[in-house]
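Shown below, as structure tokens, is a lone chain in the form predicted on its own; questions about how it binds or moves come after it.
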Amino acid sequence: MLLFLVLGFTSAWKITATLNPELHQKYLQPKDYKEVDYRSPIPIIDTLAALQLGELLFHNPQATLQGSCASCHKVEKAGFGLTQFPIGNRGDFDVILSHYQDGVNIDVQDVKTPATANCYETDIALWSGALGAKGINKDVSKMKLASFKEQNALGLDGIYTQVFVGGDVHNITPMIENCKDVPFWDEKANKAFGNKLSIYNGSIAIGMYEKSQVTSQSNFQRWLRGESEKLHSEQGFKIFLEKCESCHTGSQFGGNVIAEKIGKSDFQGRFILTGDINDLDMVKAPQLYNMKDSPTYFHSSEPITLFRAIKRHGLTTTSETWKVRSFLVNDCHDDSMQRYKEYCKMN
């Protein structure tokens, strides 16, 4: 038994030794919402109050046509949708209604619903990476950014930009308008930002709430912090570093890198923003935490297994594929994402 323990600690030490301090810092996530850099374009007076406001607005279906943000982005499942192409709370009704009336707006996407988890450093949003004026988009002309979506020229990072675009696309604006000048909502906004609720600070609050959802309790993150003795799949991590990390990089294992698309569809990728033929079929490599919660994979939302999704990336052997899968499932899964629906308990 003693020999087993010694070997276990020795093995854990060896894999730790492969991470120099610079790389260790590269993979380490914020431990909780207090450590997240929200990069807010407006002053935050009370971070927790802002997160509570964002949480309320994120889950609020009031006055929207498709339901709340949480109708499609299930926070307890890292923000993935639960079906291949989820639609809002009104979805089933609107599908039926469309047979009787023309022009019924059914909020069905033609690409996979992305996770909200681990977007705290995301410079770009959408599979095309077309939203956001930072990161790889910083050199794109303001005219091109604005012609894609007007709000895209505000100079914000991808997540905040996506919320502002969602004001029109997902009817966030009518929901916030319906809450304005109501004492409860103005009180929350005043505590958070020092002003009454508005489209601007309400949208920022939603973006902050999304940025706060970090998978910091996964075994890999706990191991990096010295709170877990070993990884469940050390070999899987080594293979990941060798063959996956070039695209799925950083503490989120993805989110800001554009790579050749995997998955069949007519989606043109980053080309729809830049018009550069070199960007045709180039898409954002998604973050990889809590992937076992996702019902589908790739931008095209293919309903296949995680094993098959990993295998599609060209790993050499079945054994390698299983080891990488084990690393993602057992080391890169945070089982307690439900905690992000309970900021009200953190007063």
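Residues carry their position along the shown sequence, with the first being 1. Worth saying up front: this structure is predicted, and the values here are computed from it rather than measured.
This next part talks about the form predicted in complex with a small molecule, which is not shown.
A heavy atom within 4.5 Å of the small molecule in the model of the complex is found for one listed residue only; from A125, I204, L231, A189, this is A125. Contact annotation: of the candidates L197, A78, L145, I159, the single residue with a non-hydrogen atom within 4.5 angstroms of the small molecule in the model of the complex is I159.
The small molecule in the model of the complex comes within 4.5 Å of no heavy atom belonging to N178. Proximity of L51 to the small molecule in the model of the complex: non-hydrogen atoms within 4.5 Å are absent; the residue sits far from the partner. Taking non-hydrogen atoms only, N278 never approaches the small molecule to within 4.5 angstroms in the model of the complex. By the criterion of a heavy atom within 4.5 Å, F58 is counted among the residues contacting the small molecule in the model of the complex.
Although the small molecule is omitted here, in the model of the complex none of K149, A153 and L273 has a heavy atom within 4.5 Å of it. Screening 218 to 226, 189 to 197, 167 to 175, 134 to 142 for residues having heavy atoms within 4.5 Å of the small molecule in the model of the complex returns a single hit, 167 to 175.
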